[in-house]
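Take a look at this single chain, the form predicted alone, given in structure tokens.
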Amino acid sequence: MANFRRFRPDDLNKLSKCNLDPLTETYELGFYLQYHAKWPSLFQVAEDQHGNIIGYIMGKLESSPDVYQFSEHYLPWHAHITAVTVAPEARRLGIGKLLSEQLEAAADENDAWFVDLFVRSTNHRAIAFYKSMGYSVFRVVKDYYGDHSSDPTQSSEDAFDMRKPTKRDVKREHIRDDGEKYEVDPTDVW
């Protein structure tokens, strides 16, 4: 059984089990603390009965700067999942789904248009997981990742920008069915 709660700064020393996965992005300590300071309700952890962190989600609420308001790449008010991961021994127990649903509920409470995330285009397991939760590919961000997770001969990897509409997007204006056909450069993503 997992206990879900807000992240605390002393949790930084307990994230190792989750961050050892090669598909999990690991950040410098200040990055985690910035999320804790700016969006504390969107940084949640799951811990086991012994207090070990077995999963976490980091998210934020944002929109593109107003200067880009008329750009085709402008993003309205939305929630973004920066990282979600579960320790290998705790996978397939619904922890990632529960963490994601908590963030989605916060997105609805904050009147966001959608929830988005970036995932490596080769991370088929994660893509299937997100699709099962109602996310779809909105666009492909070419060469988004500066390394390749499965082919050391390649210097970069594409990302799928996946989205799930929230209650506010009644007309489903911020998602599309054929997102794999829309390619953008990393400079088009804010």
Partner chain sequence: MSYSRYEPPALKNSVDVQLQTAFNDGNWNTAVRLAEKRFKALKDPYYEVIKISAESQLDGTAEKCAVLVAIDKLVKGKTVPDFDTLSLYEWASDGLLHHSDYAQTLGTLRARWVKANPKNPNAVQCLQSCLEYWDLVNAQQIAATMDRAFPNSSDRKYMFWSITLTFLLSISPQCVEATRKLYSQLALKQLERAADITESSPKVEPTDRGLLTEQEFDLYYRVLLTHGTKDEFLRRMQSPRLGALAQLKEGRKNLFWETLGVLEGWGEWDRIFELCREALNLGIQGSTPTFFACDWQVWKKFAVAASKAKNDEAALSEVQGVLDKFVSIKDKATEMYKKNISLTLLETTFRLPTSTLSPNPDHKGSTPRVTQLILFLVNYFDKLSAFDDVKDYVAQLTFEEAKFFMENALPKMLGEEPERVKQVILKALQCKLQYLLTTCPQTLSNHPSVVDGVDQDKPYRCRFCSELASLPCEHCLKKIIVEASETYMEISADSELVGLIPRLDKDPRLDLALVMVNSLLKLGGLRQRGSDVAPSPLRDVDSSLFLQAVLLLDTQLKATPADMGLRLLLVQLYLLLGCVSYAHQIWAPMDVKRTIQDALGPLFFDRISSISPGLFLGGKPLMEPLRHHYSHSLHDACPLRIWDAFSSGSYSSILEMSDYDSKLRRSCTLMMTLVEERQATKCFGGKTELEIDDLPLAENIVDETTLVNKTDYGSFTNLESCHGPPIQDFVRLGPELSNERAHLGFLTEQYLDLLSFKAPKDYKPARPNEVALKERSYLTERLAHLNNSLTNFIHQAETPSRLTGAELTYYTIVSLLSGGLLTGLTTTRTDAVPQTLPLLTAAIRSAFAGLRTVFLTSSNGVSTPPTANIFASLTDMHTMALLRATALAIKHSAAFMLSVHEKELARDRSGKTALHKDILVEMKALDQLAGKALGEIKTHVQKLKTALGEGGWLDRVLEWTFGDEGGEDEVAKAVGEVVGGRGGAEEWAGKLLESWREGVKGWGTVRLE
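Here the rigid core means the biggest group of C-alpha atoms that line up within 1.5 Å when the two forms are laid on top of each other. Just so it is clear, the model here is predicted, and its values are computed rather than measured. Positions refer to the first chain, counted from 1.
The form predicted together with the partner chain exists for this protein as well; it is not shown, and the discussion that follows is about that form.
Asker: The partner chain is absent from this chain, but in the predicted complex, do Tyr32, Glu47 and Ile95 each have a non-hydrogen atom within 4.5 Å of it?
Answerer: Result yes, every residue of the spot touches the partner chain.
Asker: Indicate whether Glu28 is a 4.5 Å heavy atom neighbour of the partner chain in the predicted complex.
Answerer: Because a heavy atom of Glu28 falls inside 4.5 Å of the partner chain in the predicted complex, the answer is yes.
Asker: Heavy atoms within 4.5 Å of the partner chain in the predicted complex: does Lys142 have any?
Answerer: Lys142 lies outside the contact set for the partner chain.
Asker: May I ask you to check whether Ala37 falls inside a 4.5 Å heavy atom distance of the partner chain in the predicted complex?
Answerer: Contact check for Ala37: yes, within 4.5 Å of the partner chain in the predicted complex.
Asker: Answer yes if any heavy atom of Ser136 is within 4.5 Å of a heavy atom of the partner chain in the predicted complex; otherwise answer no.
Answerer: Contact with the partner chain, no.
Asker: For the stretch 1 to 30, return the residues whose heavy atoms include at least one within 4.5 Å of the partner chain in the predicted complex, in the order they occur.
Answerer: Heavy-atom contacts to the partner chain in the predicted complex: Met1, Ala2, Asn3, Phe4, Arg5, Arg6, Phe7, Arg8, Pro9, Asp10, Leu12, Asn13, Lys14, Leu15, Ser16, Lys17, Asn19, Leu20, Pro22, Glu25, Thr26, Tyr27, Glu28, Leu29, Gly30.
Asker: Checking Asn123 here: with the core superposed, does its CA move 2 Å or more between this form and the one not shown?
Answerer: No, Asn123 moves less than 2 Å.
Asker: Checking Ser136 here: with the core superposed, does its CA move 2 Å or more between this form and the one not shown?
Answerer: Shift at Ser136: below 2 Å after core fit.
Asker: By the 2 angstroms cut-off, has the C-alpha of Tyr35 moved between this form and the one not shown once the rigid core is superposed?
Answerer: Result for Tyr35: no, shift under 2 Å.
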